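A single chain comes next, written as structure tokens; it is the form predicted alone.
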Amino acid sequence: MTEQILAVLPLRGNVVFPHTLIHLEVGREKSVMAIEAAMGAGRKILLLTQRGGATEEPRSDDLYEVGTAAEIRQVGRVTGGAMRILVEGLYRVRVAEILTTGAYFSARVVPLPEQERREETEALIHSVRGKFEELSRQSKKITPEQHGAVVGAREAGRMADLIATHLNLKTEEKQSVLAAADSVSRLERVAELLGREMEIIEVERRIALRVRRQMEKTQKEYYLREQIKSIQKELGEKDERQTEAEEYRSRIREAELSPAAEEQARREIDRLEKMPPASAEGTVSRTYIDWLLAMPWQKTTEDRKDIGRCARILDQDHYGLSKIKERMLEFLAVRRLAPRSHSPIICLVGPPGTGKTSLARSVARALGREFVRVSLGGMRDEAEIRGHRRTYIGALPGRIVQGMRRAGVRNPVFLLDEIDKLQTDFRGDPAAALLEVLDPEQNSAFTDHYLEVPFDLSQVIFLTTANTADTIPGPLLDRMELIRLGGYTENEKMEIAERHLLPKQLKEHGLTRRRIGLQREVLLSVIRDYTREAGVRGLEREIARVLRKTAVKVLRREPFAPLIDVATARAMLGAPRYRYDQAAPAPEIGVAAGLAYTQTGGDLLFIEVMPLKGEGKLVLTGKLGEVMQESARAGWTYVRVHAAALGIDPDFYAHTDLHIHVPEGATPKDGPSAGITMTTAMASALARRPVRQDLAMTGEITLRGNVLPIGGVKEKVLAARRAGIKTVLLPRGNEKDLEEIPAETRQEMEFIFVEHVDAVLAAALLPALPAGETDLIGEFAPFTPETTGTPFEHGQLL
């Protein structure tokens, strides 16, 4: 037979042999398309078994090289869009090359001939037939029809295929039979597997005999106990305590308790036997024993060993957040190399709505572990962590032990949410109780006040979340590894909205992408005009508002455009609630553009300075914090000392007050990063030199004029770009932070790195206005020392 090209149907956990009729249910989209292609090409299809049965989307290297060419006899549809087909195996083939044809696999295959070694075949067939008949007599799993088909087979290959089909073998073992070189080799492999199955049946027979003997002993004991109960009943006696104690002892034998827990449980059962049935203390003992038996003392789940699969799951669930993803992959790699290593204690710190809690859930899914969440917000009682003593009425274990019972395993991913919001009062300090829980050197023997026996927490991955690390006690913070999650940029919010938020809300509102869609401009408008946040909760709410209004139109049968544009979205959402400052249209005197960083991202911050007749006072308005006021005073001092070099009357402060105002006075503002912006605005107002309108700046100033590095560079630069700013002045110490800024932003903008205020003023100030002019008209050449004749070198100013 010559080479053929057949559509490929990957099989999970199943191997189909030649001359075998079998029903298959097909639900994967690629598999359905392969069947449809085969139906149009002579009904022939190639059945290849996957190496990993759990793989949802197999690649070419996930498929075995030897498979079965089959004919599709029947095709039907079942519930959910899946297909049910009846196929008959024809002959074995070897894959020469896997071809990708559109959305499904096809393969170029070479049929494998049936080669028999005649001198050995008859003896081998006779031997295998005898073993199979003996297996049929001992096993009830083989039906008379299957027995007759195998015994009636006269060819070695056909007999091997029939036996391999009917035996309860692993997928790899069946594949080894299918891939054997010739029919005799296949039958020899089957003979080996038959021998093993017979050994297993013999072991099962011996075990059944032992169990039967044990059952006879148990039945004898049961008979005697029933006689005792009958005698007690005739005498009017009833010993319920002994029966209950025996049930508990039986459960202890089945449960895998630690030695300390088993000893404590047996001691408590002995106490329970001696108590009156209706006593209140008996109820306490029963509850305590139930808790001991319900804890997962030994049960664990196995971590996923495929690091690539874990990475794909994390990427599917969350966009960005590369640091935490990288940290989880590092943990998995370490666990592979050192299985007994301590699990990490990670604290995710970031603004609300940035995905900290959902990220913890995604980590559990990626690792294949159970997930438990406990909220610590507002917790004041230490007993919430360690539990209550059993002497108290209504005593229960703490949240840690309760969470471990819910998980059912001893190695879950355990999320302690809002750890920065723990409280302290007369009932104790919950944060102090968490020290033992979150210390990898101690939590292998965590003792809850209720259980009173050590419980091993060393295999638990503890993740904690906080909005700020400032309120977390120092000793507790020292035990955790901090990973800070900043706010999302506009581009990140756009990607999150398109990949996660919009599909989720469409599903929740009963809509589909075919019925309704949002332009990217709509999402950008919602992000800029209707939300101001670090996370995406508000964005999701606004998307839901648009879809709710669309759902009403659908039910009312009102006409609407399938693709919602910006105008339609604004009609649904109302007038924009927020605005972002834009760069000034022309240079101005006494106004400089600074850059601010808040929990909701970056923003443009204009500093306005107005000279007034007075006595050298500095007036600050705009609800400025103490640090920001100190920056203004430092800039004021610098301008006074270097007035002559700036072209300002050296004695100006004797008859001039300076009023500094930062707009949006209702919003509190603080921080040192506006230092060079305030200094530039003061120098501009006093020297009557306009400030470039296409330039923004940020940096802390010292009395000597040095510019110190600041934080939030990424958010500030993105805010400048959004406002139309082309040039940004940054401290030299922040040059390394440019790596965090998107590449397209770095290409579009110019960055000037400065170390001293001299360089700031040289880049930001334009030449002075002629006397008598109050407005700036036209354009000015950039300021240089040569344009005014005023020396402006740092050494000359001192």
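Owing to the predicted nature of the structure, the values given are computational and were not obtained by experimental measurement. So that there is no doubt, residue numbering starts at 1 and follows the sequence shown.
Keep in mind the form predicted in complex with a small molecule is missing from the figure; the text below concerns it.
D317 is the sole member of D529, E370, E588, D317 with a non-hydrogen atom lying within 4.5 angstroms of the small molecule in the model of the complex.
Though the small molecule is absent from this view, in the model of the complex it lies within 4.5 Å of a heavy atom of just one residue from A265, M328, A180, V536, which is V536.
Picking from 375-383, 453-461, 488-496, 202-210 the stretch near the small molecule in the model of the complex, with a 4.5 Å limit on heavy atoms, gives 488-496. Contact check for S358: a non-hydrogen atom falls within 4.5 Å of the small molecule in the model of the complex. Heavy atoms of P352 reach within 4.5 Å of the small molecule in the model of the complex, making it an interface residue. Proximity of H500 to the small molecule in the model of the complex: non-hydrogen atoms within 4.5 Å are present.
Not displayed here, the small molecule is kept clear of D448 by more than 4.5 Å at the level of heavy atoms in the model of the complex.
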